[in-house]
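Listed next as structure tokens is one chain, alone, in the form predicted alone.
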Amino acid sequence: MLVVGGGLVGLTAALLLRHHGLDVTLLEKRERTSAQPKARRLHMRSLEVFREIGLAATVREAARELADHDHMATGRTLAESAQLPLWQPPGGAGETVEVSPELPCLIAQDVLEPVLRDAALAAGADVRFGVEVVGIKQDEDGVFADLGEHGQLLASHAIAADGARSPIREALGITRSGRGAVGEPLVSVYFSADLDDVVRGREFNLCTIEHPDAPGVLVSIGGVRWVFMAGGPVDRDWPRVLRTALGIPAPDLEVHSVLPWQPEMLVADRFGDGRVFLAGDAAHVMPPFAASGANTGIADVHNLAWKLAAAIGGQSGPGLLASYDAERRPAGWFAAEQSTMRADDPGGTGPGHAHPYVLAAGGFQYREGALVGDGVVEPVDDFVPTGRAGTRIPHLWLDDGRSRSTLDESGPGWALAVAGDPDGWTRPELLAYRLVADFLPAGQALLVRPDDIVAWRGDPGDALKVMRRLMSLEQM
């Protein structure tokens, strides 16, 4: 297996492919991991993916500097800002809804990427930075990557996680659709300053600055590192603008980079071509206002890795790999559309806005692909998971110590959740476990794919037959 791109999505792809027992080579043209903070928020669904491969605790340890920065804040300047209360969706009786075994976390991309790179190397992936793929061809035998002065590489399949400008997507002639530019161009100013005395006791994720001479959003990166996002021209006296926004002299302030950028909404019209598959920004770009970009890319490769393992291992027909496009392209469009809506309406309360947990807990429902649906569609404006086909299995604790979740039972294999005693339904290909849930009638079962998606629900005696048909995608 070949992965092109050593960012968050490419590195996660390498880890997941190794988790499923595949040999993998990752190539990245940069000499090192990201020098910019960029993406920061990992949704709970992404942490669930890292939990599956034993990496969630390591990620949280690396994210400890931002552990208390979940709040939002606002004010004329940072010095005058006030921390806003956390928004927590209530349960039926006002209790907090527990939707995942993992909480979301904030971690800057330049901190997370080295963690993932080291983990991929430890897992046995061949990770090569400073190697550019300058051309790619494929035939019935595999994918041939031209590495320029580094020679050639042959792989059975390839994942292109090579960014928004993806040379591989362009070479394959895959077009994109969508709104294109969203709003006005923005500038991200990456700087350092010791602001502990100003921020202490009212830590934040984002702080909206309302000063008329320096409006923008201040972003916590960790320690003395910050990003200020603003509109207007790139060529400005940024130290002066920043000190105005902060409302303090900040004598140690140092600007590290000034990056202009344009929020966009574009989704590839195909997520694959033969043996090559697009993931992450190569497949979809979106405004950052729902923090869904990297998280959607992580979900892409979580969906794809087990399908590639089944195909390469001769355990599935070609239709299983085709289901990647059928499932993830609508999911990518949904995430990009929701992110765009939040760019237009930051409050996220307008018509059509998905419930935040639908975005953060993988609540998008696949309508077709490697599943057998029953025609029931989960709402997106509310979070009421009922284990329908095409959705992530609802999180429920399976032990009194609250250490084992329903989400821990699948991956890298399939699982069968049975309402009642599951002992009679254990098969070599399926791990059966008892599930006590109001939404599942006694004696009924949920067939759960390696990516935690419910593939089917029905009589447990039919589960093995359904799984085998889904793997080959034969007619049901």
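Just so it is clear, the structure is predicted and the values come from calculations on it, not from any experiment. For every residue, the number given is its place in the sequence shown, counted from 1.
The form predicted together with a small molecule exists for this protein as well; it is not shown, and the discussion that follows is about that form.
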Legend entry - Position in contact with the small molecule when the complex is considered in the predicted bound form, options V59, L66, V418, L27, heavy atoms within 4.5 Å: L27
Legend entry - One residue of A125, I174, I393, A294 in contact with the small molecule, assessed in the predicted bound form (non-hydrogen atom, 4.5 angstroms): A294
Inset, instruction - Check whether A161 has any heavy atom within 4.5 Å of a heavy atom of the small molecule in the predicted bound form, and answer yes or no. - result: yes
Legend entry - Interface membership of A39, the small molecule in the predicted bound form, 4.5 Å heavy atom rule: yes
Inset, instruction - Answer yes if any heavy atom of I221 is within 4.5 Å of a heavy atom of the small molecule in the predicted bound form; otherwise answer no. - result: no
Legend entry - Residue contact check: L371 to the small molecule in the predicted bound form, 4.5 Å heavy atom: no
Legend entry - Contact check for V4, G7 and G10 against the small molecule in the predicted bound form, heavy atom at 4.5 Å: yes
Legend entry - Residue stretch of 233 to 241, 382 to 390, 281 to 289, 352 to 360 approaching the small molecule in the predicted bound form, non-hydrogen atom distance within 4.5 Å: 281 to 289
